[in-house]
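In the block that follows, a single chain appears as structure tokens, in the form predicted on its own.
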Amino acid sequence: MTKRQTRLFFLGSTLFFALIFIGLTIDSHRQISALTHSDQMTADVIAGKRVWHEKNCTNCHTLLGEGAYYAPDLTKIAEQRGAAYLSQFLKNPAAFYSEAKDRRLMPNLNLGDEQIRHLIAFLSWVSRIDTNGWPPRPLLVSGAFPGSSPAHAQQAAASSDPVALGEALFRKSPPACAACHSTAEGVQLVGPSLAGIAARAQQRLGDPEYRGHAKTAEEYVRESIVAPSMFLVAGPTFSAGGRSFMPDNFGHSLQASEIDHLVAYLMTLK
């Protein structure tokens, strides 16, 4: 190849890849509105973003991978924890975590009710952004539950065993069950431990505090997933005002078969 041919090859290749880059950039900007559902950016969302910056939340947390890494990434916190939990947590973080036990404690930002409502609106909007799978695992305050490995997830996907599929889904985000519930006896994360839930389910049916319609332990476990406030487990960080902190949208966000698999897995925890 002569010097002239080399120069032309270099210039042509540079121009070719520059055009590809420009095209991809234009395509990315074209999709931003749909990927971020910007049409749902309400006044409350904008006000919540202002609270996020005024309180310097990025000094500790990340959103979409941007920010400090001292505290967990909050990209999907709204769908993992739910508005009821977040509202109570933001009022008094110390009621949920102990510095001695968890080694770190979020300071009380002294947020008013309106600021909390705005901040939750902002985090809910962020949680619906198409992030292509970020963050790669559920938010975990404790390492008590290791989560699902890619190999484990692939093995479960190839299986027709509902228990294996349910266990993989339990560890997957969403629904991020493992981010809030441990399956080890006496280990409490955000919600109560699910160790022995299959045995306790039958006892709950006879509890005078039970307000549901289940007739069997399996029906109770299913109802606990789709309507968690039917029975409130005693504990200062589990519920408030007669409502469970567990999100109540799994009946819509999960497919019927996925709920079947979760029930099959939870019924093995005896």
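All residue numbers are counted from 1 along the displayed sequence. Just so it is clear, the model here is predicted, and its values are computed rather than measured.
Beyond the structure shown, there is the form predicted together with a small molecule, which is absent from this document and is the topic of what follows.
(request) Considering only heavy atoms, tell me if Arg81 and the small molecule come within 4.5 Å of each other in the model of the complex. (result) Yes - in the model of the complex, heavy atoms of Arg81 and the small molecule come within 4.5 Å of each other.
(message) Although the partner isn't part of this model, could you tell me whether Pro107 comes within 4.5 Å of the small molecule in the model of the complex, counting any heavy atom of the residue?
(response) It does: once the small molecule is placed as it appears in the model of the complex, Pro107 has a heavy atom within 4.5 Å of it.
(request) Flag Leu205 as yes or no: does it have a non-hydrogen atom within 4.5 angstroms of any non-hydrogen atom of the small molecule in the model of the complex? (result) Result no; Leu205 lies far from the small molecule in the model of the complex.
(message) When the contact criterion is heavy atoms within 4.5 Å, does Lys76 count as touching the small molecule in the model of the complex?
(response) No - in the model of the complex, heavy atoms of Lys76 and the small molecule never come within 4.5 Å of each other.
(request) Could you tell me which one of Lys91, Arg117, Arg200, Arg128 places a heavy atom within 4.5 Å of the small molecule in the model of the complex? (result) The residue in contact is Arg200.
(request) Assess the spot marked by Ala176, Pro192 and Leu254: is the small molecule within 4.5 Å of a heavy atom from every one of these residues in the model of the complex? (result) Yes: each residue has a heavy atom within 4.5 Å of the partner.
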